[in-house]
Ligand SMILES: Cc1cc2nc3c(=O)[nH]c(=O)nc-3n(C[C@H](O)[C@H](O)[C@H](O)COP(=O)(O)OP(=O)(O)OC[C@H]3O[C@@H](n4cnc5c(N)ncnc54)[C@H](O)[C@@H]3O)c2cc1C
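Just one chain is shown here, as structure tokens, and it is the form predicted alone.
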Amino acid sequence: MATRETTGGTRNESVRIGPDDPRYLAVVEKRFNKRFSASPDYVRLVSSTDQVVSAVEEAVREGRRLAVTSGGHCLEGFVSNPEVRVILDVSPMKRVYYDADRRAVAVECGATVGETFRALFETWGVVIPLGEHPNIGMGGHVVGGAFGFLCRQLGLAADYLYALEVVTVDESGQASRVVATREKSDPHRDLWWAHTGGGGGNFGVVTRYWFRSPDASGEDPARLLPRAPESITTFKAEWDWSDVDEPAFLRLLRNHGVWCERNSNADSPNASLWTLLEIHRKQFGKIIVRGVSTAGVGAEQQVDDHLAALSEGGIAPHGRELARMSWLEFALNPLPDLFAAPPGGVSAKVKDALLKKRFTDAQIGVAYDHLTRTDHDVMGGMLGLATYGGRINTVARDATAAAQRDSILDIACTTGWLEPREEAKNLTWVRAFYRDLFAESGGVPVPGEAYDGSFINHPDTDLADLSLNTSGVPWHTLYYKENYPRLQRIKARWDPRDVFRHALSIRVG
């Protein structure tokens, strides 16, 4: 049974940090995407739910726009927004423990993905299919659905969410603690449902998650979540762009798409293989494929078969690298060169889409043009194609708020730059690339036979720009499909004052 309650008694004060405190910059500059910057009146470092309740009430009472940060990995300026006057930093809340009353593993919102992986593995030998980067904060991650290296085998992290604790604000401006579960008898079950893919910054401040597999029973935490993989095998191989002409490029992407169409069912023996095809701009010099297998002793053959499928009738990659390691060793430092960033970080734009079918040959031609053209000097541009589907697609579209349950690929047109003067040309290139890929559907991946919209954990405010999205399909349909009206009703109930809002937040009206 869920409860809604106000906290009574004496509250421990959170730490209030102003611009003259050196810790202030450590929070406002804690962002993955350096394209955006923040200058709030103050930051609140909170270490308990009581402190969150107090801090939220204070900001509401003072009429200050509030945003919450955990790991700082939002791709858009939802937190780093000039209109935000208070940033609530929940990163001190890091406990991971077994809750015997709820028979579930509890994870506080400030724990990172890496810290959660470590605690789950070292304490119980289990895993949740969380995201790919160990520094992502749990607070805003799970609520967007959350997928990672194990998603094809295990599904989304949100599929294992049993309950959560949220601080919400009512019509009078009073903040209170709510616990909502997936139990059908729970009168607040809709609030749980909204956090299984509804996106962060919409309903309140998540302070704690509880995880348990939907089919789990008993009280042994080592049996309530999937067992961690016995081992991880990683691989990497590459093609030199100088060897890849347009026919060879067409063959490679066609082969890749066909493999995904044939191997994205949950019962596929290749559901244990996740891969990423990184097609960097030609000036970068290389096209890279890398991946992660949990197939144990069969991993090497699985990798070789995959590379052979990509190469059929075309050019084989060279420099194959293979490494086998423990799950935790991998999880805490996955694919190091993929996530490497220069000192000070980068500015970036990521434009995501979910595909139900492979790219057409015409779309592959569009990709070749934008990745080889010389009229835009964009060193950081790339098309990434990550395998998807598998166990994810066994869940009904309305069972969780994560509506994309028919996809085989998550693709992204991305670019990154170091100097502010490079922003305009990078944005021009990546927007044109994405628009041309989906030209026949108004420049965006409209849900239908071929596409499944976009993933809210990879937000892109361009989808709400009618000069860039000419499809006539609103941004919220791309992210939430048929689930959006239900999310609107939940938003109206739990955040009637629209305290928690950003450029792509759920709209009540």
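The first residue of the shown sequence is 1; numbering continues from there. Since the structure is predicted, the reported quantities are computational estimates derived from the model, not experimental observations.
The following text describes the form predicted together with this ligand, which does not appear among the structures shown.
Of the listed positions (G137, G390, G381, G197), a single one reaches within 4.5 angstroms of this ligand by any non-hydrogen atom in the predicted complex, namely G137. Taking V127, C74, A237, A412 one by one, only a single residue has any non-hydrogen atom within 4.5 Å of this ligand in the predicted complex, and it is C74. Heavy atoms of V178 never reach within 4.5 Å of this ligand in the predicted complex, leaving it off the interface. By the criterion of a heavy atom within 4.5 Å, G131 is counted among the residues contacting this ligand in the predicted complex. Within 4.5 Å of some heavy atom of this ligand in the predicted complex lies at least one heavy atom of H141.
At the 4.5 Å threshold, heavy atoms of Y434 stay clear of this ligand in the predicted complex, well away from it. Comment: 455-463 is the region of 478-486, 37-45, 455-463, 440-448 lying near this ligand in the predicted complex, near meaning a non-hydrogen atom within 4.5 Å. Contact with this ligand in the predicted complex, defined as a heavy atom within 4.5 Å, is made by none of V96, V105 and L225.
Residues of 172-205 placing a heavy atom within 4.5 Å of this ligand in the predicted complex, in sequence order: G200, G201, G204, V205.
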